[in-house]
Structures are given as C-alpha cells and as structure tokens.
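Below you'll find only one chain, the form predicted alone, shown as structure tokens.
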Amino acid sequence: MITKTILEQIEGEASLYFDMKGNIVDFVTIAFPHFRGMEKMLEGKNAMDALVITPRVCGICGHSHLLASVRAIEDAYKNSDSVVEITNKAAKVREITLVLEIIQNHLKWIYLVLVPHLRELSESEELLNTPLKGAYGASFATKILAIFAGQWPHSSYMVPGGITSDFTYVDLTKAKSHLQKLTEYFEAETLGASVEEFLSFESCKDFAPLESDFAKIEQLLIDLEMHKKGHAKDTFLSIGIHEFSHAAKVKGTKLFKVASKYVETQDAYAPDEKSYAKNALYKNQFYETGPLARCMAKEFKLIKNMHRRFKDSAYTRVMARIYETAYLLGFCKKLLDEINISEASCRETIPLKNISGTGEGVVEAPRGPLIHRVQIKEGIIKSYEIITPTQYNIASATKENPSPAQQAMLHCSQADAKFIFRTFDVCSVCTTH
C-alpha cells in the first residue's frame, strides 16, 4: 500500500510516498511540488544582478548562494583572461560569514527540528522542548554577520574583487565579543563542556560525565536504536574549497580526489506527483553531503570512531552536525584573530561588459556542496544553473538505485523514517530554485 505524507517543519515542504509492507517501509519516493524559476529569472540580466537575486533562493543559506555566485563570476573573469585576485582580508571575511551561517543553521536545526521530533518519537520528557535556545544562540551569529555584511539574510556585500564592507577595529572587537558570548552559550546550554574539551574527545565513552542537552540527545538516540537505523550509502562528498573543509569523496573510510566537473543532474523519479527538484550525482553515483561528509573528509577522530562503531547511521549523522558546530566556533575565532584590518577590502576589476565566458563557483553550504554555473556574454547572463546539497541527499530515484535518504528510510517504521529523513536537514526551497 502506498501512503502520501506532506512533510512540514523542514525548509519548505516535501511529499513522501511510502510503499509499505505491513508496518515496514519497503520504498519511498520524494517530490518537491513547488516551482520558483530562479535560474530562468537570471537569464538576460546583468551578471551583477546574480549577487542580489541568488541570495534570495533561501532564507537560511543566502550567504552560501552569494559566495557561490561571486566565485562563479570571478571564475568567468579568469576564463576571459582577466584574473581577479582578492586580499587575504576579503577572503577571510567571506569565510567568516559563511562559517557563521553554517553555525546558525545548525543551532536552529538542533532546537527547532531535532529536539521536538526526538521528544515526539521517544515520548520522553527528559529533553525539554526549548526552541528559543536555537533562536537565541543563532542571534549572536547573525549580529556578527550584520557587522561584516550589513544585514542578514539576503545580503549582497561580496562583489568581484572582494567585499564592500570597510569595518573598523571597534567593529572587529564587537564581532569577537559576540563570538565569545555565542561560544560560552553553546558550551553551557548544549555541550556541557568547553569547546576545547569537547573537540578533544576521541570516543563516545568520553560523553559519559556530561549532563547537558547534548548528552540527553545522545542517550535518546541510543534508546531509539538510531545507531542501528538510518544507514545511507556509506559514501560521502565534500567539494568546496575552504580552510575549514577538505575536498574529497569518501567511500567507507578511504579518501579520493574530487572535481566538481563530474557533478551532473538528472530528472527525479516521482511517479505519483510532479517534482520540480532534480537529482544530483557525482560520476553517476549518489553520495551523502553535509556535516557528516565534511567530518569524514577531515578525518576527525571522534566522528571516525562513531563511524567505525555505527557506520553512517542516523546517530552518527546527528552527532556530526553538533560536532561541526563546536569545530566551526573555534575556527571562526581563529579567522577573526587573523584579520589584518589595514588591507584593502576590494580590488578594482575591469568593467563586466568586457567579460564573455563561463564560470563556476563551488561552496560548502550548511547542507553540503552548492554549485553555481554561469554563462556570460558581454556582461549579460546567457544561462545560470544552481545545484544544491539537498539534490544529492534527498534525490528521488528508482528502487534499484536509491538516493542516500531513500536508502536510509528503508526497513523502518514510518515514524522512524520521517525522523531519519529530517536528519539530513532538508531544504525544499533551495532544491526547487
């Protein structure tokens, strides 16, 4: 019997069609029913308009789209024999705002998605439903974002050649103060340990002394046997080039070189409803993307220990997102300390009307690799393609070759499958761009 569920409380909504055998999921197809047409809107517009329009693809990861867009335009400059070089100051600020966007996304996901649905599934009162914790923690990140980017979300402060903001030492001091408060809040309310202590853990046994939201989440996941459920393809993909990540494809625990040119899309298999999302594949194979993929590519000891014990289970996927939040808080502090405020924010480039060519921008967004591909003729966009992380994780394919999310939901109850689906941190609005 096939049953339809419209899944909300994700970014946007998705339709899941469960093919059940008794009470067990035998197969699932996924449809994203909304069309937005952002790529079509860009055709015929000045390429600089992409820096205003693409951040509006998503209200959560607008900075990721902005960075992917400006990288694509700068790549088109390079392919037109006009290389754009930015200062270290501009490069670090671009990274800081991207990292902060990932942190605020993870905090909201933990308290607005994970905790409520974990409580519902476990019927436990042990973990309090405190959505404002996520919103309050994320507010510190957005205050720092506003210092460098002017606003959040939907800022357009990155341009070919650098950034438009020219901040002062006072601004930089404020940013460091907000980050310190955010770190202390995360340590007290979520981890129950300092970031340094948490990142020094190498085994799940190290969690034992903790009494915190993290410890309760970990115990509930074990109680629900999520360490035995939600296994996907055990293949991972991290493509974006950043200081905080390592570009690689991972099969099991083995790392291989990766190149974005091998990423392609195909129509989704959604026989019961029109879907406006396309599947994303690497060399015609499905890979999981996002925090777990990045942690596996960086070979963090704790996540490798979890993977050795529980593989790519729902448990490991959730733990990787919390671990990455702690890691990125420490990394962001390092970046802020390294900024040389006397450097230029932006370098002049030749007029865009002199640029004709193609360009590609690749970024590690909160949920994984985000790719923007642009074709420009005399400064005008001829074509624009956006490939988002959810297109890898939540692709809808056939029973013979399921996507990571489809694979992870097999052989579970429908209630477990819906929870496991959410462990991928689904973004419908990005996917139906």
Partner chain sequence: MHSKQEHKLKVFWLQGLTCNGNAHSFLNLDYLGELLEKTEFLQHPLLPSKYALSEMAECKTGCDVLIFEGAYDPSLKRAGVFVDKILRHYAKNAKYIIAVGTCASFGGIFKATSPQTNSGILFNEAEKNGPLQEYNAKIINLSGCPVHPEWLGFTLNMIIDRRKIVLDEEHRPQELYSSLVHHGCTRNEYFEWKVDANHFGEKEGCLFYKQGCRAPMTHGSCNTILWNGVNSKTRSGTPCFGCTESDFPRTNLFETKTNMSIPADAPVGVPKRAYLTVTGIAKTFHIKRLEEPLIDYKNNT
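Keep in mind that this is a model prediction, so the values were computed, not measured. Residue numbers count along the first chain shown, from 1.
If you look for the form predicted together with its partner chain, you will not find it shown, but the lines that follow are about it.
Using a 4.5 angstroms limit between non-hydrogen atoms, Tyr169 touches its partner chain in the predicted complex.
By the criterion of a heavy atom within 4.5 Å, Ile241 is excluded from the residues contacting its partner chain in the predicted complex. Though the partner is left out of this view, Ile381 does not reach within 4.5 Å of its partner chain in the predicted complex, counting heavy atoms only.
In the predicted complex, Ile163 approaches its partner chain with a heavy atom inside 4.5 Å.
Out of the listed residues Val115, Ala247, Cys346, Leu210, Cys346 is the one that sits within 4.5 Å of its partner chain in the predicted complex by at least one heavy atom. In summary, among the residues Tyr269, Trp152, Phe214, Tyr282, the only one with a non-hydrogen atom within 4.5 Å of its partner chain in the predicted complex is Trp152. For its partner chain in the predicted complex, the listed stretch (338 to 346, 92 to 100, 249 to 257, 232 to 240) containing residues with heavy atoms inside 4.5 Å is 338 to 346.
Contacts to its partner chain in the predicted complex (heavy atom within 4.5 Å) from stretch 39 to 58: Met41, Lys45, Asn46, Met48, Asp49, Leu51, Val52, Ile53, Arg56, Val57, Cys58.
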